[in-house]
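The form predicted on its own is given below as one chain in structure tokens.
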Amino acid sequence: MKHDRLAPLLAGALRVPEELPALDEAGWDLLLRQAGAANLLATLACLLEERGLLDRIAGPAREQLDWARVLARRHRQGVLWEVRLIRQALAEPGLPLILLKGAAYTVTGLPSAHGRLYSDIDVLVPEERLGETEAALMLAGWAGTHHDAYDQRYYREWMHELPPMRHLRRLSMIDVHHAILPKTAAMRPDPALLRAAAVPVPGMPGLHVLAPVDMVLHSAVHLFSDGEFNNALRDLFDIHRLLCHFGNDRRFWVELLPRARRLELERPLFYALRYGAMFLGTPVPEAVRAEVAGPSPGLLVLMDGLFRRALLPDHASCGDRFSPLARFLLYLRGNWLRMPPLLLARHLFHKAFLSPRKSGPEAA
């Protein structure tokens, strides 16, 4: 298995888990530390379980992976319980509910959910019903977490979501979205198109998830238009598993690129397909690969240099001396994509000089 700082053990393990039983003790020690840094320890355990390889792993490593599987099972139970309570909270006022990302993978039993750990539940509702949604959740025990006047304005005027809400007793977190990108972003995929194509979750009346092509596009835009890369490899593995799962249906590939163009998300899709194939061997039909539009050749060289570093786990054994610079430049890019220049300068000034004076969790 190839092992260097820009092609770490973890990427190889996710790509070819069949090689892991041959890994020596030092290799396992490094792999588990990389997986922990990438929030992929439970995912790795479940991947080995799916392939029937867990019993062939060295004892100490298997013991740690077994604990990760226990944690993943408890996490899944907790998510299903929270989703049930959210449905109850929104059912009486008749509010539509669409789950996004991790919670959507969990309730539909997609492979992307196996071992995936996440800290909040993301939902999508119509913007004109945000007030009703917030009120219904508050009656059920959730409360906003960002009380500063600037933070309130940041979320309610410029962003695509309410300030995050935390349940007062269970401390569970929920993000209420009305779109998948901020109001101030250059790309503005129409949320009405996403809601119209959403599909019901079997056995859970009133609950929907995004259509398969929209689910992939949302994951792609979330990863490649954001400035935070703490869970980047986990999110790329999500996309890989979604494409492998939905790609078994030929209609999915026929619909994917036209849908990306209609939602103005072709560029994030290009990056998702390119880096999925580069890191994880994601299978993509040649016709799709050839037609999806990417950046100019010169810009692509630059983006390769940045994403090849930022998508790796934030661990001392991964990346090189340019990795911190790559993450910083992509952080600036992510903010640039979210806001026009003047507003961005004002926001970064606030983040750099005013937000540090507040308590950490309250900072936007």
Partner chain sequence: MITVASLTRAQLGERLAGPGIHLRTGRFTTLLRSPIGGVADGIHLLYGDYPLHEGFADFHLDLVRPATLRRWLRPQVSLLYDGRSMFKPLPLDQAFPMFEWGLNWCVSSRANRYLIVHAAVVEKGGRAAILPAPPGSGKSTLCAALVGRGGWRLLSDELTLLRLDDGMLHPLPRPISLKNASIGVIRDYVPGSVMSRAVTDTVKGTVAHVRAPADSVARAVETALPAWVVFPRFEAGAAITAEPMPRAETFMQLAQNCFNYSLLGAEGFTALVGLVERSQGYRFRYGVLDEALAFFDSLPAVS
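Nothing here was measured: the structure is a model prediction, and the numbers come from that model. Numbering follows the first chain given and starts at 1.
Form predicted together with its partner chain: not shown, discussed below.
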Contact residue in the predicted bound form, from R73, R188, R84, R129 (heavy atom within 4.5 Å of its partner chain): R73
Heavy atom within 4.5 Å of its partner chain in the predicted bound form - the one residue of G334, P60, P324, P295 that qualifies: P60
Stretch in contact, per heavy atom within 4.5 angstroms of its partner chain in the predicted bound form, of 33-41, 299-307, 335-343, 47-55: 33-41
Proximity of D66 to its partner chain in the predicted bound form, heavy atoms at 4.5 Å: yes
Contact label in the predicted bound form: D29 to its partner chain, heavy atom within 4.5 Å: yes
4.5 Å heavy atom contact, E19 and its partner chain in the predicted bound form: no
Residues in 309-326 with any heavy atom within 4.5 Å of its partner chain in the predicted bound form: D314, H315
